[in-house]
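Here you get one chain, nothing else, as structure tokens; it is the form predicted on its own.
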């Protein structure tokens, strides 16, 4: 009997666990370890954050699904990985600390034959003074609870506008190294939509503050679209939306400090600025989870398995190079951990070899550069391929060829909501192929025949359909495996 352990139950971990259980006989054991009791469809947190969906519509409990599918579930967080076991057992092991109410604080060590590392990111609100909903002064949509709190504060802001009091709202990134600019983009235009529906848009000043050097970068270096034979950049495409909706962008920013009324930030030219605000939703930067690694003799090997960012090293080229010398082929294809043929890292848990967007520094030496996104569709695709690799290794043997899902060859679809409503909603639908641009193959880095962007009501219907489809899929309802990642 083989024992497979999956650390994390987000899009990547949950997808991997379901496919492992589907493809493996019940004689093999699949265990999921996650500190959270609920699964969250994070893309729809945007709508929770503007009071269009209740929190309960974007989450569901994991335990009943895993019980029904024959997957063991431990509500706990991983604290250490021991890839070569310990003095008692040479099999791989994971040290865990339980987070569920019944065992909270208790620890254990579990064994594995194969490990999928899908812990997702640590939300580093502490990277910016005053950032975040817990110890800071801003809201967030990173979790369902955060989004609900954001919706309450947004509602209070709209109430003040209805009383005739002008308000300044700021949405964007709260640090120079943030990722997920797409989520900030979505929330900005959903807020704009809500302000218009409430009839108070004329009293509201809405800013979009981002670490992108230009609009439409999204952490992927921007895109070129071919529409009816005319090539246009994602910068022009998105800029038109900002002008149309009267959203004021501030690009190339690094936020230094946030008080209850003022955001202090630096721009790429090295200038410092203060912006007074009444409501702010600013995303945090990400780092890897604080998981250590030890060898069988209990020596710390964290630096060997993990990059300084805390994300796990995989089959990528991490050789230091100037940005201009990086190639698409430097990105991973199998996501297998360096030095271990039974460990994989998927989703946001793996360490990118370099940034996709050109890294920049201000004259003061401040890094202002979007980190590469690894969420949504790509996370699910790489998780499924890793699950298939593990199944083959179990059934055929350790020499079974690994399935590949390189971001340098994988396309991705992103549907970014720009306001919800069956008749007046809209969304920006973008397709990029591949995610990591390949300038050796394509002059613009991506295939112009399949890289495109459109915005309109149909996009909102698509996003709404995807909301229900992916929650159905995540609940492992009949035929779930037929819904693409």
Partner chain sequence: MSEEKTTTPVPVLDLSGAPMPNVKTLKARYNLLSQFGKFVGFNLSIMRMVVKEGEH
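Positions refer to the first chain, counted from 1. Values in this document were obtained by computation on a predicted structure and should not be read as measured data.
Just so you know, the form predicted in complex with its partner chain exists too; it's not on screen, but the next bit is about it.
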item: Non-hydrogen atom contact residue 452 with its partner chain in the predicted complex at 4.5 angstroms; value: yes
item: Residue 265 within 4.5 Å of its partner chain in the predicted complex, heavy atoms; value: yes
item: Residue 51 within 4.5 Å of its partner chain in the predicted complex, heavy atoms; value: no
item: Any non-hydrogen atom of residue 439 within 4.5 angstroms of its partner chain in the predicted complex; value: no
item: Site check 249, 261 and 461: each within 4.5 Å of its partner chain in the predicted complex by heavy atom; value: yes
item: Partner-facing stretch of 366 to 374, 102 to 110, 139 to 147, 250 to 258, counted where any non-hydrogen atom is within 4.5 angstroms of its partner chain in the predicted complex; value: 250 to 258
item: One residue of 294, 73, 242, 98 in contact with its partner chain, assessed in the predicted complex (non-hydrogen atom, 4.5 angstroms); value: 242
item: The single option of 207, 326, 225, 311 touching its partner chain in the predicted complex, heavy atom within 4.5 Å; value: 207
item: Within 154 to 168, the residues that have a heavy atom no more than 4.5 Å from its partner chain in the predicted complex; value: 165, 166, 167, 168
